[in-house]
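One chain is shown next in structure tokens, namely the form predicted alone.
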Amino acid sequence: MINKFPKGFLWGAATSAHQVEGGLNNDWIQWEKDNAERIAKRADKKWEQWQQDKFPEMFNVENYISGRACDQYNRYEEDFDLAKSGGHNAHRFSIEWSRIEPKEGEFDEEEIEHYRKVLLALRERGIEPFVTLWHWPNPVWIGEKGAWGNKETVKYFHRYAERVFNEYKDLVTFWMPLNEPNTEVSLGYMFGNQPPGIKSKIAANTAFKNLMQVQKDIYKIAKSVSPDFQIGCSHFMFDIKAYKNLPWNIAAAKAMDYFANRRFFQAFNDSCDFFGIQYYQPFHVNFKFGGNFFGLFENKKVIEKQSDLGWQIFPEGIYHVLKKAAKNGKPIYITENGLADSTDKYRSEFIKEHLKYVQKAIADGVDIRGYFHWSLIDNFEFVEMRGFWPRFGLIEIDYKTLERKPRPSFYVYKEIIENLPR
């Protein structure tokens, strides 16, 4: 049984531009073209046999080319109608920097007007916009200048953000300048699993410092445009545990918690009005002796239920991460929580059980003000360039016809939203 949530609680789902809009030209597009064949050929090395059997499309090069994606650029009203029919009163999405400023210092007025129409479409349906300014891809010209490895990118982002704030200040209250900066830094600049494909601790540290600086600067810029703006930053959190409570794993878990969580909150706490917490699974730390520092942490599976990506389903973990995040004294919005589940086998239970633990955190005094399921629709899963086969959507997408079809879990989530005591 899910109990009472606070008055004014925001209920919705999330997307990001690169994953759903289609027709983009940014620094990730070329990377996809250059790496799609390599990734497809190595799918048998990355994924377990049951995943290969269930999703043979992972061996197709086309799986790793975002292309038209879900064509939400043209079909956003259809998707927002579905969100409204599902009881959503909020929606998180990202504005694509490469559309707004395709060339250095040149703003595209038609694209600015496009996103105004997107925001108006949400407002007309009574849906509160939650806007992310950077959900990882950059304009091509930014990529050519070194992306976040270049300190000058900070000032370029100032110009973009200030323009967007002024354009939409009457339509948006909730802004998130950055999405999961830690994740992009680690996967893009340290492990090289996604653009820009760099493997360097030095580059990763530089990128993190620049992103930390831009969040601080954008917070000030936003408040100068409107003191009523609410500015947040999202953070991916594992529920970190020591495998078998072995002494060396306990020490390793504490080290991982510092690099994965405490460092983030220390860096961004003074430049946020709220934190967006994004939780998917636990991490049972098993310390591996030898190897480089960042190769020492192994996630041991100890939970039976898992998603199509092999992620362990552990609803209680969201309670633990929310309690930990609450120590920073900021309001919290759960800006992502979901699973890859193509047959919708676990999603309904996943939502119910996670919300039960969210309510438990609220009952314990944690200031949680909203929940955004990831995601509204199936999308191009671009974390580590997995492509189209992982299915995260409350709404199924037929990628051949682009037909939208709400899954049973869509209606379960709708029932929860509409029948909760207020």
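All residue numbers are counted from 1 along the displayed sequence. Since we're looking at a predicted model, the values are computed, not measured.
Just so you know, the form predicted together with a small molecule exists too; it's not on screen, but the next bit is about it.
Which single stretch, out of 355-363, 381-389, 61-69, 41-49, brings residue heavy atoms within 4.5 Å of the small molecule in the predicted bound form?
Going by heavy atoms within 4.5 Å, the stretch is 381-389.
Proximity to the small molecule in the predicted bound form, single hit among W311, F265, F107, W141 (heavy atom within 4.5 Å)
After the contact test, the surviving option is W311.
Listed residue that, although the small molecule is not shown, lies within 4.5 Å of it in the predicted bound form (heavy atoms), from F165, F275, F236, W97:
The residue from F165, F275, F236, W97 that makes the contact is F236.
At the 4.5 Å heavy atom threshold, is S409 in contact with the small molecule in the predicted bound form?
Contact with the small molecule, no.
Is there a heavy atom of Q215 no more than 4.5 Å from a heavy atom of the small molecule in the predicted bound form?
No, Q215 is distant from the partner.
Would you please decide whether H135 lies within 4.5 angstroms of the small molecule in the predicted bound form, comparing each non-hydrogen atom pair?
Contact with the small molecule, yes.
Contact test in the predicted bound form: Y371 vs the small molecule, heavy atoms, 4.5 Å:
It does not: once the small molecule is placed as it appears in the predicted bound form, Y371 has no heavy atom within 4.5 Å of it.
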